[in-house]
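First come two forms of one protein chain, each written alone as structure tokens, so that there is a structure 1 and a structure 2.
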Structure 1
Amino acid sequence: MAQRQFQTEVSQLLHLIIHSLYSNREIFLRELVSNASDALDKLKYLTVADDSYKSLSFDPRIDLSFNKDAKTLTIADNGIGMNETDLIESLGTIARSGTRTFLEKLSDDAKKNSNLIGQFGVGFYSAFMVAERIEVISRKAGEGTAWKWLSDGKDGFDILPASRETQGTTVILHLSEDGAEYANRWSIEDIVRRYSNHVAFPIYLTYDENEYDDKGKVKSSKTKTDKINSGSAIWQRPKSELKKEDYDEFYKQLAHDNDEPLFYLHTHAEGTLEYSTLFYVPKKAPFDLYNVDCKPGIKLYVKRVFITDDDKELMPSWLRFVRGVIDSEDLPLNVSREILQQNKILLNIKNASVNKLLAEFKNVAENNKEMWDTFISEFNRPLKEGLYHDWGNRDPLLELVRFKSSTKEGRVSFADYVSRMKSDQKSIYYISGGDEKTLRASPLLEAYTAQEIEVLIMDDEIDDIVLPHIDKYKKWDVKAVNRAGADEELGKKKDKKAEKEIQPLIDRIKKVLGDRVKDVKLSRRLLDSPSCIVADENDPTIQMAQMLKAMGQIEVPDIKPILEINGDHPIVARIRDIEDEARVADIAGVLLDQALLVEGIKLKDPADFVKRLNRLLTL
């Protein structure tokens, strides 16, 4: 029976940790290494800040060792250490305020609790998930005596005088039956690399390397000590100390990429919030970029301790191609995912990071053509996604996205377009809903081409989803040329007299086409072609409706086009003289179907089209 009892809250928390976090129990090592690292941080600070510690020779390190047969795992540091009072207070009570209310919130649901416990910070006590008994031998820096803390994690602990040569703390875990797997070189190395690789102090592992004879018996054994973490958080180091090679090497390890990154962005923020970020843009889009389960590329650290790399909230989804690290000095360790998502500190870091990345993209666009070309050919599409999802960053994103153009080679920006606009032009025009070739050949472009008005060619599938959400770039309207109202600016002014004259014919065509069209109108945008189709102001285009249907959205309404007729075209002129209603119906049907075909739209009834065409050809 232990001589000293745990505070009630400690017993409750112990019970909860063991039951809620068991499936993730390897984190105990991260917790103990973090404590060791904190203890080193504290002493390091004192040796710098406090005269009475200045004479101390201090070579900070964390030492791990194990004994398979005795089933022990030892974590030792030469940090600040604890005296008797510290041990009682730190490892027997929970000093944090609000503990009781926190514990009251916990239920019997292990899953829910594991999230809440994350928020609280499990710390030292998590070691009882793998140990049936723990010894802590510690000597406080500047003091002569050492103390031993002993507990089985059930009801309490004992404290005894002990000896330790130098300041620091040694934690000896007597592993339980199912914790015994951690007395193993490979699992220790693996866990340390995964969670504590960038702890800023060296972590050493001592182990025995055996040599075997022919019969497989141990011939000799040598004790070895290896440093098992990289020991320097590259993102914490001043930029002036780092070379491109350092950045490249870290990127390759981080992103599992054999290639160098396209560029990187390294920042340290100080002030209200203190954090460092190191972001990389790969040369190639990650292979899973367009998969629903695309793996996020950002690792979150708190004070150089790895927290998670599996949180999609660390970056907006359109920036999921960015790889890198966020390391905050202000977040609590062990912050849970649930908490991360509403955390104000993290939100601030995220927003600032997005702004910095956007500024860097702009910088590349303006100053490094080759790099920009690679960037935009890989990431134009995610940027467009940003236009759709990230309303707050619309303006900088509008400057970055690029499109093909009816008058220029390569990719152009909205700003390029505007710089070439005609002096009286009020809108930016684009055509979308098909492949590049179809779009470039569309009759809808005829009048624009004739009047040398540039039209952006939107042949990317995502354009049709994104563009309808962008009604303006700066002061200019952004208009699709296949919209009913997009022809207002075209030079061909409305000719009232001609319109009146042709109205009876339009009415006839409308009648024979019936419910295949929403309306029939005299066109102002056609020169060489007899007809074209456009979508009504607020309707989706037919191409878009077809795409939605292909994506499995069954509830897509049947969209009817508006048919526009070129009053100056000889075919149209000919119909006026035809009395036979059936023939007018054939010609009108062909005018509609060919307008659909030329836009790359699949006809609903191709046989009907062929029959009409053959009847007309036979005449």
Structure 2
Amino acid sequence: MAQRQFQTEVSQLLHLIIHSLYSNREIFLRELVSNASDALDKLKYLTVADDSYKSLSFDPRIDLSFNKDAKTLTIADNGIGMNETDLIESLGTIARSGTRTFLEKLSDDAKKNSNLIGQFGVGFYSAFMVAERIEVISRKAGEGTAWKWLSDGKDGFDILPASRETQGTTVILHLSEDGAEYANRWSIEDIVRRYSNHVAFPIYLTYDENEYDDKGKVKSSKTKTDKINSGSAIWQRPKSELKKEDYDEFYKQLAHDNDEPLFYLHTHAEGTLEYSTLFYVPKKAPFDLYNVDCKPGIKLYVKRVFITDDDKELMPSWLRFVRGVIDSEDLPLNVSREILQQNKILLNIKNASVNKLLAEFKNVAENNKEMWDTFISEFNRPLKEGLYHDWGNRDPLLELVRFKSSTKEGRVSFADYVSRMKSDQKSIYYISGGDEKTLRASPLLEAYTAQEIEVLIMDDEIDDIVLPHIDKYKKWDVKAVNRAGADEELGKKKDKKAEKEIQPLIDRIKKVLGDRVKDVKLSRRLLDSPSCIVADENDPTIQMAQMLKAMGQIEVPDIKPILEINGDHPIVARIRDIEDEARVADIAGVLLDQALLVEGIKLKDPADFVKRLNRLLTL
């Protein structure tokens, strides 16, 4: 049979793994044990939910063995197994869009770190860190034929018919010189107990135990098999029995992460509904957090039987960074995924779980600033997504989100802002639509800075989508300073005489700018700058329109800004004395274009701006 070639991404991945050094190669065993556990979970579910599998003799277990002389390590399970098609799809392809991101991370010399393994569904390939050749023998449950997959991780792979007495999968690692240290009883036991102790199925290690005479020579040898993990469902155990190390160990196995979690939440609910939950917040955001195919982080069990880990109904999308387990005593074991989406019991568990997580977030925010700062640096954006999508939880989320400020270092909350407001201030002000440096330099802030009014700096792309939907925080209005009416509370009353005097100039500027602007007005917010742009109260900002276009929105209206001019600025004062309409048009065009540029907006016609500027500079 001709050798099959790996998918391009797999070849790249294997090359990087084989030719790079990692700080923690031993996680390969955690990954293979985790795969075996998943296979057992899937078959266990079928034996209780599918009539065609209920008669199957099934005693789930994972068996490890090694041969020190032959330098082999074997991991076997009696789970769901794979057929020829499954082997090609699972071991020859990585069908996930996050793979390219993973490869970019992995190829960076500064990030050759095994923490990345597993987070992109590529855990099996980590075995090539220690093996020069791998054999996988598998037989799918309900089928009579077994198949063997072979590869050296370099030149593709072969698939051949094979034999196996029962369903399940056996992975045989032919260890490299560097990997030979793992053909050792103590190494295997140590790794399993550190990373896989709470795998819900028994893990057995078979080894030869020698007896020695009084001179230290081997007298006899016998083969022993020991269970080397606790095999308990940690989430079902009382919290009083568990230590932080137990929770950390289970998290690493569950989330394929070498770091400890940032914090966790363990709950047992009794009464109308009986269920257990164990949720973790990682220290670092998953690399695929913003990918379309981001994998949910929650596993659903019913009476300790695994049901699914791919149901986005288990948690709202904005909590997709949470890892953990939900185990219900009240759902039927044969519940289907279609029923899950409409199940009232699960909906109640989901709502209660979200409330508990929000309460825990609040507790951390109020009592552990360092931990909360770490949380916000990683997960502030998903919380903002919650403000947009999850109206029912908007109030607690408003207390949790954080923003940069024009007057304070770090990030602040709405509550922090309100505590510093002036007694006569009626609104919370913010500016959005660009990067932090551009926003801080905006002319729109001049009057607020002069009056010592704090403005929140919204430099996250999602802010322009979320903030227009937040009109109030408690009794205070939330206003964007780049909106036409936001300057009404600045205390600078309209000067009717000045407005009347400058109106002819405003009319001239409006005429020469034509349909480039929606309106031209005298500004009450400018002190040092000659002009600025703002959006009409009912229009999206230009930055928002540009972002929608970049996202592929077809029907995005052409947003025209309102130009505000500073009547006290020398440039504006000089225009009044110019009779040449062409020069007025050039100056007005430059005033508009520089107002756009300072807000970080790309000019539609940069060449026209340069021509106008050059004509003015020659005078």
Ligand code: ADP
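Given the structure is predicted, the values throughout are model-derived calculations rather than measurements. By convention here, residues take numbers in order along the sequence of structure 1, the first being 1. If you superpose the two forms and keep the largest set of C-alpha atoms that fall within 1.5 Å, you have the rigid core.
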Deciding between structure 1 and structure 2, tell me which is the form predicted alone. 2
I need the hinge angle between structures 1 and 2, given as the rotation of the smaller rigid body against the larger one from C-alpha superpositions, in whole degrees. 80
What does the CA of His198 shift by between structures 1 and 2 after fitting on the core? Give it in Å to one decimal. 7.8
